[in-house]
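A lone chain, given as structure tokens: the form predicted on its own.
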Amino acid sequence: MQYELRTQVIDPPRKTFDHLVRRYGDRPASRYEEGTIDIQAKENFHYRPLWDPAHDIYDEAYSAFRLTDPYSFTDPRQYYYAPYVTSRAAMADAVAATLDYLDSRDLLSRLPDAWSSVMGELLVPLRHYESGAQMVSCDIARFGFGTTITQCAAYAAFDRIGNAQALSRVGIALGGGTAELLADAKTRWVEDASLQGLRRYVEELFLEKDWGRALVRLDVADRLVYGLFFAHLDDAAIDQGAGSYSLVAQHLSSWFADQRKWVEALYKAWVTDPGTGAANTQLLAVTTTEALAAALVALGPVAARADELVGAAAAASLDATATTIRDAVAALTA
């Protein structure tokens, strides 16, 4: 008996969902589009929140930043569940491999004393900064409007917990396999004078009711924090023979470059919106300027302490990043 294998093409009766056909035309949609576009709840709400009866449960008015069409913004990374999880699994594996290597070669114990102090006093306590950023990101995911936005914020919230866990693992390794440095980091976050401005900045973000302003304020702090710790101090660590610091910093630097892709795309959507672009541009400039002033006050003592420990011109680096942000605001409003 012989079998003949043939290819039979079956045309699907429909290419995608009706709401995507109305938006994009009758064409096959990507998995990202099917899982993201036009699925924000907009009607049939049962009640308004008892804690905020002025708004619906899902309401555009939770932020002064508005888009005429919330789906004019899309994630440039095109993340939905599967590619996001695949990407972050690879990232987590890379972090674990680096930390395992540091452990196996006992490299953290070989750090110069000054750099060991930088990691113990300033870097490991950033796990609490990341934890705070996770809470802010969750708030953005809850109160944002438009699934393309809230989806990015939700993924960012998961990322922040991953960052905090990575810094915790660094603390455990630096502490010789014990949790002593983690307890010390919590005490420093609550009590050290150099960290109190940053802690206050994060805790005040919890009180921000406008999710768009919270996003901008967090992003401004991120640009200063990541520019200082995972770009400038990374270079300084290499120059001063603290390569172990650089091995850790590379992963957080890579994550931040990925994070800023969607944030910058959202800013662009805000300022180029045909109906709300002018108002968004003005609000973005004002919010960024206010946030930068507060973030510089918060991070000034952190940079000063880093300079006390390793003399790496951290304060000058902070000022340079601030100048870059100011120039971007000036270009925005020109």
Partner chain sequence: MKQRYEALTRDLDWEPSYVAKSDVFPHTEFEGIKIHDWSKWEDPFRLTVDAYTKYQAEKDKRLYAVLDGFAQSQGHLTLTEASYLNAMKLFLQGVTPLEYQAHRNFAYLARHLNGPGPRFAALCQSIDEMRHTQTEIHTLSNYNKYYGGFHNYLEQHDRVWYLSVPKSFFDDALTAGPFEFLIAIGFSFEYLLTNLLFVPFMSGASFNGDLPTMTFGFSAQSDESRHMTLGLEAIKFLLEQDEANVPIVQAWIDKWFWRGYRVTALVAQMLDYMLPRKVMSWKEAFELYFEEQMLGGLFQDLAFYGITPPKHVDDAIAEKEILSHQVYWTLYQFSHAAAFTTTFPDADAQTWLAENYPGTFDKLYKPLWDKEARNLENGGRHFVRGLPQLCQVCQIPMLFTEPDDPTTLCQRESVHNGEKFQTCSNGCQWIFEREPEKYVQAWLPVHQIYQGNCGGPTVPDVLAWYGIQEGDGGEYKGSVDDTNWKSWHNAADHSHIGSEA
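Numbering follows the first chain given and starts at 1. All values reported here derive from a predicted model rather than from experimental measurement.
There is also a form predicted in complex with the partner chain; it is not shown, and the following applies to it.
Heavy atoms within 4.5 Å of the partner chain in the model of the complex are found in one stretch of 299-307, 35-43, 285-293, 265-273, which is 35-43. V85 is the sole member of A94, A257, I238, V85 with a non-hydrogen atom within 4.5 Å of the partner chain in the model of the complex. Contact with the partner chain in the model of the complex, defined as a heavy atom within 4.5 Å, holds for exactly one of Q250, S72, Q134, S117, namely Q134. Heavy atoms of D219 never reach within 4.5 Å of the partner chain in the model of the complex, leaving it off the interface. Although the partner is absent here, T98 sits far enough away that none of its heavy atoms falls within 4.5 Å of the partner chain in the model of the complex. Taking the partner from elsewhere, R200 is found to have a heavy atom lying within 4.5 Å of the partner chain in the model of the complex. Although the partner is absent from this view, G243 stays clear of the partner chain in the model of the complex, with no non-hydrogen atom inside 4.5 angstroms. Shown here without the partner chain, the chain has C138, D139, A141, R142, F143, G144, T147, T150, Q151, A154, Y155, A157, F158 in 136-158 lying with a heavy atom within 4.5 Å of that partner in the model of the complex.
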